[in-house]
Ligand code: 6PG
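The chain below stands alone and is given in structure tokens; this is the form predicted alone.
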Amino acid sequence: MDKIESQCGTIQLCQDRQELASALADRFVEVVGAAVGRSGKANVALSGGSTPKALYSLLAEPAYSQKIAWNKVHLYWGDERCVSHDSPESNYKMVLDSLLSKVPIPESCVHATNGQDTDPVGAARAYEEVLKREFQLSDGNLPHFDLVLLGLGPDGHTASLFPGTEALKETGRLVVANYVEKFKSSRITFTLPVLNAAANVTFMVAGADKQEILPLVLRAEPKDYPAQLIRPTEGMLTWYVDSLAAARIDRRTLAARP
């Protein structure tokens, strides 16, 4: 695995999806273990998608699962589709099937959204209250996740922050229902202030369909895509990218800090 230090964070270049999943699993174990050792618990925001699914499946295997104190790991969802939890499109169901059903994590450590299929706005407000309660937040404060996992869409979206949507402008709320015109539906998503308050933000990018968007997102300016707005205020930003997704990036340009 190769590494580039760039203006947009550390880029870890992996040969293929298998190496990508292994590197991500190692990173998960490292960050979660450090957080548990430091404060007695780890707060992690999960992502949906095929690349994260490979990570979750690997974490469920004994080689990784046995290294994690699951009773001290609190899991949240950075975004969710407006479907029921038993829907094949549900991010929660994907994590349940690939990870939660296979590891000894207490139900009290799993903090999923609820009711988003019938009332997206109400579900977003309810999930915001979950964050305030679990992180013991006073008004105006942000939760500080130990690890946020994010994917990258071919259009430059991340979480459910899509280009041109209202959620990109939100500075006061923690969680919102974001209407996405191309899907003609809303999604529940953490807002930019929440994502950027994390100690570690990790992007997972794989596949040839990311070749065009990745170089555009990794540039410093102009910021035309939601993923470019992920810049942790005090935390670390890391990109794990496979060789197919990285095929068109210019390493010399990336390595040149502004």
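Numbering starts at 1 and follows the sequence shown. The structure presented is a predicted model; accordingly, all values stated were derived computationally and were not measured.
Only in words, not in the display: the form predicted in complex with the named molecule, which the text now covers.
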Contact stretch among 104 to 112, 118 to 126, 144 to 152, 68 to 76 - heavy atom within 4.5 Å of the named molecule in the predicted complex: 144 to 152
Among the candidates T51, T191, N43, N200, the residue which, in the predicted complex, approaches the named molecule to within 4.5 Å (heavy atoms): T51
The named molecule contact in the predicted complex: S186, any heavy atom under 4.5 Å: no
Exercise: T158 in contact with the named molecule in the predicted complex, heavy atom 4.5 Å: yes
N91 within 4.5 Å of the named molecule in the predicted complex, heavy atoms: yes
